[in-house]
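The chain below stands alone and is given as structure tokens, in the form predicted on its own.
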Amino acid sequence: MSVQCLFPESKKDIPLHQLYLGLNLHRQAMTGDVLIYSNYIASLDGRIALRHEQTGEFSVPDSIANKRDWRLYQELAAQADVMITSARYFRQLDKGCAQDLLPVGQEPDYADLAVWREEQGLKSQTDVVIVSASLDIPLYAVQSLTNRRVWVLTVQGADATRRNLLEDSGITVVQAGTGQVQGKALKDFLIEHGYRSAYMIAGPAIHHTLLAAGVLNRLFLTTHLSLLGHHEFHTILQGDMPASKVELNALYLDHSGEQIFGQYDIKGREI
């Protein structure tokens, strides 16, 4: 399994396995800082999720989801100290319409990633930060996260009953904003607790939170060479914000999967 490097241009094919693992994202942050990165797969017309007719939930379309992209998704997870996700993800997980929260290396195809984490001195599983203003988080779904620290970042005045239920189950709830969780407060929290690499796997709302605050460092985007249309869909970003400058870091053509793997550095807001 290999891919063709389009940028920087190379005539040699590169193995798909370890394509992202070699980035060593867990070692990129300067002392006292954290590297925050996000990842999506989208159709050529920009759809990352469509509304399911039966459940009403938005999910990655089956027509673009594939094992080759998922391999790279897992490689990004393997390099993370912590994953950033949303309460919505756990509500979907509770309904059975979301994938499990990336237990790294638990499937035979990804066992090498568990070994790699051990060799790098990382914990067997990443910690998890859940961003939620409502605290509408099914306890059963959260309690499925074993052998890892789970935090919930919420807002001032969040529902006291829900907060108490979470804390009584051993989950630490932290205030990180008023009205909505602030991206700067999230980054400060990660640094305070010693995290060096954070993998954001939530939807476009939290992506917006990080981008608008200027705290997202890198975007990994798989573009599947298909057109999906549909009138109810999500893209990688929603909401108004100042434009951000993005720089292409690397681009790979996956012949077998009919998709392009892109790596982008987020340079900050345009002036």
Ligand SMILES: NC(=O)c1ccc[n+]([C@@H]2O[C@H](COP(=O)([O-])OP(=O)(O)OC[C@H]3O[C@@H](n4cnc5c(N)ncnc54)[C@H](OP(=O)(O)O)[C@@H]3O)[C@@H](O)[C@H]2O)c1
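This one's a predicted model, so the numbers in the text were calculated from it and none came from an experiment. Heads up: residue numbers just count along the shown sequence, starting at 1.
The same protein also exists as the form predicted in complex with the ligand; that form is not shown, yet it is the one meant from here on.
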> Within 4.5 Å of the ligand in the model of the complex, heavy atoms considered, which of 219, 228, 202, 212?
Replying inline: 202
> Can you pick the one in 150, 114, 133, 173 that has a heavy atom within 4.5 Å of the ligand in the model of the complex?
Replying inline: 133
> Check 34, 126 and 146: does every one of them have a heavy atom within 4.5 Å of the ligand in the model of the complex?
Replying inline: no
> Does the ligand get within 4.5 angstroms of any non-hydrogen atom of residue 28 in the model of the complex?
Replying inline: no
> So, in the model of the complex, is residue 195 in contact with the ligand at a 4.5 angstroms heavy atom limit?
Replying inline: no
>> Against the ligand in the model of the complex, would residue 246 count as a contact residue? Criterion: heavy atoms within 4.5 Å.
In response: no
> Using heavy atoms and a 4.5 Å limit, would one call residue 234 a contact residue for the ligand in the model of the complex?
Replying inline: yes
>> Within 4.5 Å, heavy atoms only, one stretch in 104-112, 163-171, 176-184, 138-146 touches the ligand in the model of the complex. Which?
In response: 176-184
> Who in 23-53 is close to the ligand in the model of the complex, meaning a heavy atom within 4.5 Å?
Replying inline: 39, 40, 41, 48, 49
